[in-house]
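Only one chain is given next, in structure tokens, and it is the form predicted alone.
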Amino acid sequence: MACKKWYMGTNTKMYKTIAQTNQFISRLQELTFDIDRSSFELFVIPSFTTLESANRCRKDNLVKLGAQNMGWEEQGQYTGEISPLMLREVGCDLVMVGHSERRHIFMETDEMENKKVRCALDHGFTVLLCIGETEQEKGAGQSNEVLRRQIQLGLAGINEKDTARVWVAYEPVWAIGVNGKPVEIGYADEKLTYIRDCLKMEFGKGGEEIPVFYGGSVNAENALPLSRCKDINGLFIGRSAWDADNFNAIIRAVQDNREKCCLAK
């Protein structure tokens, strides 16, 4: 039995300059060029100002390039927004939507995320929808309700054929950032399976194939046990991946383990 495709990526937030991003992507490609991309997808989501230059650094499609956000109109009176046409022009493959910092700092709603998801799909992008509960929602026993709502509303109006270009990242809000708390593996496993069940309920067979990632305080210590969760297809890593050599070490450890598991099936 063949293993499903595996994904690993990072969002550099508002940290790397153009030069730093170019250096990071170039080094990451150099370190990982030998990994078969037919079974492994590597993606980087840097800041808007770096995208055009980062695209020129790419070689042989070794790294998918994503945007951290996107407006939901092609053009118009939306000061400060970036349109899908602009992202296509600088070489983006992927658009991230609904990151917790967009939801909780910039007060974006599920309805806004849905507009972005639909617009990105209409313009040929792959969409990475981020979902996750806050610590307060977790404490109140509302985690499943929140995840189900974010999936239903965020992916509303999406038909089954479009699911081939949808990815979902589960990022508990309380596990993200400098003060994030590493998740218990059992808890992550449970929520990833719940997310898979929600996707199947919404999209049937298509929901079984949507790649689901875990993100939130992923590091060299917990990457391996997280990668063994039942319904996981990849890891979305923060600051532990912002050094290319560190990221490569995590990639290699996970890949070696996955190859052993696939051979054992």
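Residue indices: 1-based, along the sequence shown. Keep in mind that what you see is a predicted model, and the values were worked out from it rather than measured.
One more form of this protein should be noted, the form predicted in complex with a small molecule, which is absent from this view; the next part is about it.
- Checking 192, 147, 166, 175 for any heavy atom within 4.5 Å of the small molecule in the predicted complex turns up a single hit: 175.
- Out of the listed residues 223, 212, 65, 237, 237 is the one that sits within 4.5 Å of the small molecule in the predicted complex by at least one heavy atom.
- Listed stretches are 107-115, 76-84, 154-162, 175-183; the contact stretch with the small molecule in the predicted complex is 175-183, by a heavy atom cutoff of 4.5 Å.
- The closest heavy atom approach of residue 207 to the small molecule in the predicted complex falls outside 4.5 Å.
- Of the heavy atoms in residue 70, none are within 4.5 Å of the small molecule in the predicted complex.
- In the predicted complex, residue 217 approaches the small molecule with a heavy atom inside 4.5 Å.
- At a distance threshold of 4.5 angstroms between non-hydrogen atoms, residue 21 is out of contact with the small molecule in the predicted complex.
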